[in-house]
Each structure stands twice: as structure tokens, then as C-alpha cells.
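Just one chain is shown here, as C-alpha cells, and it is the form predicted alone.
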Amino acid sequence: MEAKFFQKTYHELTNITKATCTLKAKGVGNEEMAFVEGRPAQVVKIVGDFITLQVFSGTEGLSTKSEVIFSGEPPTLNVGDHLTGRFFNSFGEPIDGYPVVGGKKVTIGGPSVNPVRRVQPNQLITTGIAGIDLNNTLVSGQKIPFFADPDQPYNEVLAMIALRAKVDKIILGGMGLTWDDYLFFRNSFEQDYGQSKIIGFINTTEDSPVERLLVPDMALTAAEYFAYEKNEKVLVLLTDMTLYASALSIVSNRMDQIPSKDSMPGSLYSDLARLYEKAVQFPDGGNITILAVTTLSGGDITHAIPDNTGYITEGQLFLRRASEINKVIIDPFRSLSRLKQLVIGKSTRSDHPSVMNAAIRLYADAANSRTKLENGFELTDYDRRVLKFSDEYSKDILAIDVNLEIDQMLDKTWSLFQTFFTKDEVGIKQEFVDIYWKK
């Protein structure tokens, strides 16, 4: 790195841990970037003249006489239309073999949008997945996580959504991806879009875990450029936020901060909220919608990471393998979109809310009937019919590999109603039955 006249250089470290180092320096700003023997680092704590740096690649091999150069600015990203179709590392440097990009330099990690510049989310985002579009409809400007066990195909689901969603830009923030996962995302988007919509910021398992802390800010800074400057509809995919939170824990523990629940830093809520609150609907039509994966440990929803996430976001989507059909579905009981009422029946067909509610009620009846079956109780005719409906509804509607338009989802559900039930058993308003119940 070439030193510039405004950069401050020091050669005396007073403390070194596995992830941080401390030195005495003046005129240094919080979150300012530095280079310790050429290794990227960032200011994370200032106490008087003592500065603590988080060294992204670790401190192994550093000595108390290591050279520290402060850059004079926090992490930045060069934004512009040239980002489209490109893949970068955690520092915004290309990893796709193409040249370094220019553009307008912007500081990452800025504040979220002022509420007076926001409008209520009101635009439908379709994904082709009925467990989302039919039962937990997404709205532009929404922030919502996927809760999934580590062995579930959450990255494949994110790719499906990105390939089907009618948006202008897709920005992927990949944290702790295996190389195969990275190539999967890249090949998926290149094949279907010719890289026309995707921008990726990638941290792989071969990179330092601490570098993951930059990835969401890089992705969201790029999203803000396209949503605000270009009035585009931007979908941000963040995977996996559990690994992001684990990186926060690494740094806080090595700074001797007192851990909170589940060894997470006490700032976890505000750290997550700072990112999720970047979701926004602008008055001129541009928006940022955030879909983020949070992997669960043993399905534990009470862990600090999903627990805090649930308070910040506007619902959650649960992936579950339905054993009766041996397919992964969006769990209709544990999933929730708190903004769906803003678009269903308005941007979608007027029968959408009624069909959704009737199907979930019948699906719940099937769960009760399955409990009776498992406990050896005699099944009624209604029990047997509702169990058949549940299997067909899971296979033809809820499974993540089903790709349908919303009207097709509604028509297919009406067909299942008519196959297994009477009009009275379905319990939908007569005005909709008259239109959609085929003679």
C-alpha cells in the first residue's frame, strides 16, 4: 500500500489479542480503516489516546513493533452502474477476474433512511413459491428472515426467489459461504440473467470470519445507490446472519467485553437492527427489500440470534421438511409476513385472503387428524379427506420446488377444495364460491 501525506503511521503496539491490537494514537476516528503490516483493520474502540483495531485476517505473526498506517477514512465502496454483474470480496475488491471498478466513493455503514423520507410499503413482490406468495406475501421495503436448520437448502431457496422475483437488482451478501455455494450462486445467476441483475459481496470459509462484518454494509450501500439514486427495486439477500453474529462475538470476546445471552455481545440487537432497518420504500418508487437467512442450532428459536431477529423484522419464514411428501416446504404454521395485509386482496385477486385462510384452517385440521392417526384413534371420513388434502396441498402448493403465478396458486387451491370438500366445509364467502367453484 502506498502511503499518502495525510496518513498517520505508528510503530508501537501496546496489546495484541487473536483478533485485535491496541496502540496509542491521536486524531483517529471511530470505524476508520487502518493497515497493520499491510493487513486491513478497523478502529472499534477509542479510549482517550488508546485505539483498539480489529484486524480482519487475525494478528498471528504481529509484534509490538508492527507498522500501523491509518487511512483517514472508514470503509468505502465505489458505487455506480458498473457494479452490475460483478462479484467482490468483503472489502469491495473484485474476485471475478475482471478489472477494478471506479465510480463514486461512498462510506459504508451509514445511518438508515430518515422516516420522513419513507412511505408505507405497498408493492407486491412475487417469488413463484406459494408458501410465500399465497400465505406469507412479501411487500417491497420489507425485512424478513428465513429461519432454517443448517442442513436445509436455504441458499437454493434464496437463489430461486432471486431468479423469479420481478425486481431490478439482486444484491447478494454471502457470509461464510463454501466455495461450492459461491459458485452455485454465481453460475445460477449467470445462466439465467447473463449477470444483468446480480451483484455479489462474498466472504467464503477460506476468508477470515471477522471480514464477514463488512459484507452486509457493502451489500446495503450498493442497494441504497440503486434504490435511491436510480429509483430501482432492489432485493438484498443476506446469508448467513448467524455467521455474521458469530463474527461479532469473536471480536467482542477478544476485546474482553462481558457477553450477553448465548455468548453474544450485548450490542447484538442494535447491530442487527442497524442492518435490517435499511429496508425502505421511497416515495419515488425505489425500494430495498431484505431477505436474510438465520440458521438455527438444533432448531432452537430461543437462541439470542433468532430471538433478537424476530423483534426487529416484520415476520419470518420457516423452512421445514414435510416427511409425508419428503419435500421442503415453507411451514404455514410458523411462518408469518406482518405486511401481507397491505397487498393481498388489493394487488392480488379479491379471493386471496379467503382462500389463504380456508387452506390454512384445513391444513391445521389435517395436523389434528394426523395426531389421531398416530395415537391409534379411529378416523372419520372428514379426517381421511383432510389428510389427503394436506398431502396434495403440500406437494402441489407449499413445496419450494413448485413455481406458480399467484392466480395459478389460487385456482389450484380452489381445485383441491372442490376435490376433497363440500362448499360448507370450506367455509368461504358465497360471493367467491359463485365465481370460483366450478360447476
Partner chain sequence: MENNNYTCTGEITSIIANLVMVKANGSLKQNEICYFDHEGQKIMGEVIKTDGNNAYIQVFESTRRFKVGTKALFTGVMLEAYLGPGLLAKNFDGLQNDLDKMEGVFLKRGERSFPLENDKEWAFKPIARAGDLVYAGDWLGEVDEMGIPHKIMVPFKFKGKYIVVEVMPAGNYYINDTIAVLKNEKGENVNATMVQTWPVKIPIKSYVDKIRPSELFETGVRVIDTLNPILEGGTGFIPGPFGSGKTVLQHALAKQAVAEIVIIAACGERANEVVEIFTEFPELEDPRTGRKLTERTSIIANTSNMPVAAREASVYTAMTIAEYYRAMGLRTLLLADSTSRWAQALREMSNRLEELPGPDAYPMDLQAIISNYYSRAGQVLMRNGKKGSVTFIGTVSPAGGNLLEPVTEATKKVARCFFALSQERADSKRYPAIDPLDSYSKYLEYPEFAEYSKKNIGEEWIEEINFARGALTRGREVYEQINILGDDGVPVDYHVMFWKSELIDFVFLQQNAFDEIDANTSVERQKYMLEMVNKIVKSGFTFEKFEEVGDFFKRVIYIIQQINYSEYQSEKFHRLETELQQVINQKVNA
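Residue numbers count along the first chain shown, from 1. This one's a predicted model, so the numbers in the text were calculated from it and none came from an experiment.
Missing here is the form predicted together with its partner chain; even so, the following discussion is about that form.
- Although the partner is absent from this view, K388 stays clear of its partner chain in the predicted bound form, with no non-hydrogen atom inside 4.5 angstroms.
- Contact between G97 and its partner chain in the predicted bound form is not found at the 4.5 Å heavy atom cutoff.
- At a distance threshold of 4.5 angstroms between non-hydrogen atoms, V167 is out of contact with its partner chain in the predicted bound form.
- Its partner chain is not drawn, but in the predicted bound form it has no heavy atom within 4.5 Å of T289.
- Here is the short version: of G85, G128, G109, P353, the single residue with a heavy atom within 4.5 Å of its partner chain in the predicted bound form is G109.
- Here is the short version: of K230, R321, R338, K104, the single residue with a heavy atom within 4.5 Å of its partner chain in the predicted bound form is R338.
- In the predicted bound form, every residue of the candidate spot (P74, R118 and E277) has a heavy atom lying within 4.5 Å of its partner chain.
- Picking from 410 to 418, 395 to 403, 42 to 50, 55 to 63 the stretch near its partner chain in the predicted bound form, with a 4.5 Å limit on heavy atoms, gives 42 to 50.
- The partner is not shown here, but in the predicted bound form the stretch 139 to 159 reaches within 4.5 angstroms of its partner chain through a heavy atom at G141, K143, F147.
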